[in-house]
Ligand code: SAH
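In structure tokens, the next block holds one chain alone, the form predicted on its own.
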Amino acid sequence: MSLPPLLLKKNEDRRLRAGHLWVFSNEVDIKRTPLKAFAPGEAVEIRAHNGRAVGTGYVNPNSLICARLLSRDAAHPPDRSLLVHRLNIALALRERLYAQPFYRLAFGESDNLPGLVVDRYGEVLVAQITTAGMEMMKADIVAALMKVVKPSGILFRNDVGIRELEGLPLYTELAHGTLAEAVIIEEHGCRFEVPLTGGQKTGWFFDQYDNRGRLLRYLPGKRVLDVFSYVGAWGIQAAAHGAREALCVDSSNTALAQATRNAALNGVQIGTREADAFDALRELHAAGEKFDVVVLDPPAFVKRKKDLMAGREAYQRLNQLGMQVLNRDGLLISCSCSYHMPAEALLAGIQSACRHLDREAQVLERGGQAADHPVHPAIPETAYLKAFFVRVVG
């Protein structure tokens, strides 16, 4: 099948040949291949200025990232066969890493599937499409997932705001089979009921798997505070692995009710507090409450580069509040899922908060996203999660 060409300006193929997958609109030779001549999501052959093929992908003239590379072999167009190949490679990695089928099966660009995320909950898959090109291939995605995984259900959670940048509608759709309101997963010996249609993002934050595992050795006999707890992943595992007490704080009553059910599922008890995280920390401090371990796992405070200054201040304020309810020799786990928030900036904020309170910090461990969220070495944006395990003394 012959695909229409998308020609780049002189030397604008260098980044792609070095491994990147994105083409920006200002890199296209619009005199020879006008972007407005393409339909959103249309498959194209991406070519260098001299006409030499770079590979195949798809285009969206309405987006700043106007094209994404799917194959470096021009003989392989974006189709079902290519998706099956990519998903088989992705599955091989996850099956090597995890004894049970609970993981992120496909992580967009890092699995050479730009615009597609797929989470696996045993026999159920939850997928999210964020680009017009992948939206055009939705039927092929379903067919490829059926061939590779043979799931009992496939749910599309295409309800994230980033789709609007691609001119795509927001919706949730059951694309195959049947689906319960929630599924059961296992993590570090604990069981969790995860809401799929009404939960956050695709239901569960698999990216923190390794960091939650790191926490386990610090728990015996400790009092733990889990802030931004969602359905209790940190707090319940703390209670199940020897903590004497765990308190989960979240602004969602629905999430906390699910956390309580998840605690019962594991035969443990937790406390819950429905409140804004900042308000809850201030109130706990005013009441003289102290904890041995404080987990701060907030949503992204820095979604765009221009938000960095305000975001840095928010992270520092959050960490300072967390330290105020931390015992003299306590452990602070401070996380950020903001790509635009550098790890060094997060650590600097932790240190500043510590000195403001006249305390001393020791970084014991430094974590990132779990291995089912691999980092593409040519695409820094795929490395986003930071976690610092900090001993706070004094």
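Don't overthink the numbering: it's just position in the shown sequence, from 1. As the structure is a computational prediction, the values presented were derived from the model and not from experiment.
The protein also exists as the form predicted together with the named molecule; that form is not presented, and the subsequent description refers to it.
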property: Options 173-181, 248-256, 103-111, 121-129; stretch whose heavy atom lies within 4.5 Å of the named molecule in the model of the complex; result: 248-256
property: Every residue of Gln200, Phe228 and Trp234 near the named molecule in the model of the complex, heavy atom within 4.5 Å; result: yes
property: Interface membership of Pro299, the named molecule in the model of the complex, 4.5 Å heavy atom rule; result: yes
property: 4.5 Å heavy atom contact, Leu219 to the named molecule in the model of the complex; result: no
property: Interface membership of Asp276, the named molecule in the model of the complex, 4.5 Å heavy atom rule; result: yes
property: Heavy atom of Phe205 within 4.5 Å of the named molecule in the model of the complex; result: yes
